[in-house]
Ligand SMILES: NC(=O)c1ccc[n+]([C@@H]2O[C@H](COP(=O)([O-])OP(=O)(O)OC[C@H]3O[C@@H](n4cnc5c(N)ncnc54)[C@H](O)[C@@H]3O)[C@@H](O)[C@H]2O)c1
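Coming up is one lone chain in structure tokens, specifically the form predicted on its own.
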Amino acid sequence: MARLKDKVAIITGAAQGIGAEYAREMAKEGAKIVIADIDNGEKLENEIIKNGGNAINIATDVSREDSVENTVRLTVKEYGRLDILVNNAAIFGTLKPKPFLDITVEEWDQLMAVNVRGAFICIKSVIPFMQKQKYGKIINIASGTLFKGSPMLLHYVTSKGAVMTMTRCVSREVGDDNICINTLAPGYVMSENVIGSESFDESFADFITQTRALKRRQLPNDLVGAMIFLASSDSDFMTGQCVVVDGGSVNH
């Protein structure tokens, strides 16, 4: 059964990594995918189409309102509607852990522009179209780190706390329009950017694994089931919530 048949989904940061995995699996469930990324998503677009799915690639900088509004406009022009937004774009994989005293104001602002302002801009841009339909699903991506108070990444963890709070507040304002907005909080995922990062540490990955009830490394595909649930009609009476998928490292 195609649980997302004919639904139109914008997925930010979908050109590679976890976002690409969301796009592949949502396409298999029948969704029409918009790959919205500052990087070129043409390769993934072609892959989805080759496998019988429907996708378009639109260059998008989520930190710029004009860029996001253009993506939303082109999406509605192409497909005639907009049902799902996945706010996946974020700065993380390239970050080098450091004491908060060593984080510059410039680093802080750059990360917040993507991780927080970007999510806000995307939500603000899609809501009017969802209100007209009296239906919509928004999934914001946070992180299990916000429940742990993880050190050495203050700007990142703070941004993900803001995303979860944003979810709760917006849910109160759009409920009357039958729009559901929830947060998905992954654990430490072995994504392309994480494994390829200069700061990737095998011993740290092993340490995180030992904090879990399910003692193995987390892969991008581990998030797909929860994502499909939050994007589909199965979660139509669920909003303002945060779902942690991390193998039981955080109990929330």
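All values reported here derive from a predicted model rather than from experimental measurement. Heads up: residue numbers just count along the shown sequence, starting at 1.
What comes next is about the form predicted in complex with the named molecule, which is not displayed.
K.L.:
Suppose contact means a heavy atom within 4.5 Å; in the predicted bound form, does that hold for all of G30, D83 and G175 with the named molecule?
P.N.:
No, because G30, D83 and G175 lack any heavy atom that approaches the named molecule to within 4.5 Å in the predicted bound form.
K.L.:
Let me know the one among V76, V114, A162, I103 whose heavy atoms come within 4.5 Å of the named molecule in the predicted bound form, would you?
P.N.:
Flagged contact: V114.
K.L.:
Let me know the one among D222, D61, E47, E69 whose heavy atoms come within 4.5 Å of the named molecule in the predicted bound form, would you?
P.N.:
The option sitting close enough to the partner is D61.
K.L.:
Check A23 for me: does it contact the named molecule in the predicted bound form (non-hydrogen atoms, 4.5 angstroms)?
P.N.:
Contact check for A23: no, nothing within 4.5 Å of the named molecule in the predicted bound form.
K.L.:
Just to confirm, A142 within 4.5 Å of the named molecule in the predicted bound form by heavy atoms?
P.N.:
Yes - in the predicted bound form, heavy atoms of A142 and the named molecule come within 4.5 Å of each other.
K.L.:
Whether V189 contacts the named molecule in the predicted bound form should be assessed with a 4.5 Å heavy atom distance threshold; does it?
P.N.:
Yes, V189 is a contact residue.
K.L.:
Using heavy atoms and a 4.5 Å limit, would one call V194 a contact residue for the named molecule in the predicted bound form?
P.N.:
Result yes; V194 sits at the interface with the named molecule in the predicted bound form.
K.L.:
Choose one stretch from 89-97, 126-134, 147-155, 166-174: the one whose residues place a heavy atom within 4.5 angstroms of the named molecule in the predicted bound form.
P.N.:
Stretch 89-97 is the one.
K.L.:
Out of 165-180, which residues reach within 4.5 Å of the named molecule in the predicted bound form, heavy atoms considered?
P.N.:
Nothing in the stretch sits within 4.5 Å of the partner.
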